[in-house]
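A single chain, nothing else alongside it, follows as structure tokens in the form predicted on its own.
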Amino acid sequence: MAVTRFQFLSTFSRQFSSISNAHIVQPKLRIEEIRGKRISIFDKEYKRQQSLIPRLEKIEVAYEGFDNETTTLVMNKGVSTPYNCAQHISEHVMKNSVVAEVNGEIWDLHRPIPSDCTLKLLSMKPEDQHQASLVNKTFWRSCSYLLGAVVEGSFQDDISVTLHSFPPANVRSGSFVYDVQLSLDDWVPSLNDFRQIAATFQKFVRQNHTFQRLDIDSSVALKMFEDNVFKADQIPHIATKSSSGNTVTVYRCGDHIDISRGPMIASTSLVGRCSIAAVHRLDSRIYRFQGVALPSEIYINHFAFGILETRARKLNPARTPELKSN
């Protein structure tokens, strides 16, 4: 009987209170080595793309603020981001902006702006119902990404952990989700396990990591995720659906890199109270991790949050992942 051990983001560890039979799916590198390799590829590709930017050109960004007031900002084409624009407006706007709208398209706060545009900066409490829906989905999607980051680094090295994917954000489902393959048969986490994962999640978001987006060629993505059979299988299909027909969007947050079309929230500091509500075993050692969280500026009492947790424990109805590469 093998003992699983919970690692607090590769910094320190505790014993899992629940124990299960372990079955190694495939030889695996230490998570630090895997992440180090991905970051190296990411940084190299980022520098390469930056070197392709010609001399700086100016663009005009028409920022639409309160009461439809418009402020024209002169920024750098392909370099300046909505966050840089927010820095020119006010500290309040900069701190409260979650995601942007660029020419009506939902846009990462740290994603460079390619041309003249109109810009809106959205907070966690927009008055427009459509904008509120976009912000909520962005928040939920970002939480799924973060859940994957935490789970990937949460087991001892003799336990194989392979991230599969997370479904499209669906706030009405009551939980954000990440589907993960573990080399554990019939693992049933204890209440203490849930608390430990939630504590690690909370520790990670408090480090105020930003989400850095990068569009890369599918060949680069395949090299980046060659250690993950699921991602390697998904990349060609994802690439064919891109505007270029051959690119994949990845995000870096801290030392974690994952695939997502995005957009993501500006930084992890926007995530407040959270709970890991459930882990449901699906097929072939795929476990569905489910959580619930609130934005950092929203507070509710313990009883009300408990209702959200109860709802989040129910099996999320998102489609079960395909396991062609298993």
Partner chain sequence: MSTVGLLRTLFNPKLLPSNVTQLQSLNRSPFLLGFLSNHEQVRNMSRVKRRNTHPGYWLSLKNVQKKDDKISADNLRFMREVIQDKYKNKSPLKVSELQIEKTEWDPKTKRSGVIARNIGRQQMWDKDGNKIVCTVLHVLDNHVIRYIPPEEYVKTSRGAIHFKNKTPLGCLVVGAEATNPEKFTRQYCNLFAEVGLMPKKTLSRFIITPNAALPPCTPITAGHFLVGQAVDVYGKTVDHGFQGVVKRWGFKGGPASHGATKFHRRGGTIGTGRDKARVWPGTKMPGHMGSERRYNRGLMIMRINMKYNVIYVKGTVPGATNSIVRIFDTLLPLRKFKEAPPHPTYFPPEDGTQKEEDIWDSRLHVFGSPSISV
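Positions refer to the first chain, counted from 1. None of these values were measured; they are calculated from a predicted model.
Omitted from view is the form predicted together with the partner chain, to which the following refers.
Want to guess which of 62 to 70, 290 to 298, 49 to 57, 36 to 44 is within 4.5 Å of the partner chain in the predicted bound form, heavy atoms only? Result for this chain: 290 to 298.
Do Ile307 and the partner chain share at least one heavy atom pair within 4.5 Å in the predicted bound form? Ile307: contacts the partner chain in the predicted bound form.
Touches the partner chain in the predicted bound form: His280 (any heavy atom, 4.5 Å): So His280 does not count as contacting the partner chain.
Against the partner chain in the predicted bound form, would Lys125 count as a contact residue? Criterion: heavy atoms within 4.5 Å. Answer yes; at least one heavy atom of Lys125 falls within 4.5 Å of the partner chain in the predicted bound form.
Using the partner position in the predicted bound form, report whether Arg273 sits within 4.5 Å of the partner chain, counting heavy atoms only. Answer yes; at least one heavy atom of Arg273 falls within 4.5 Å of the partner chain in the predicted bound form.
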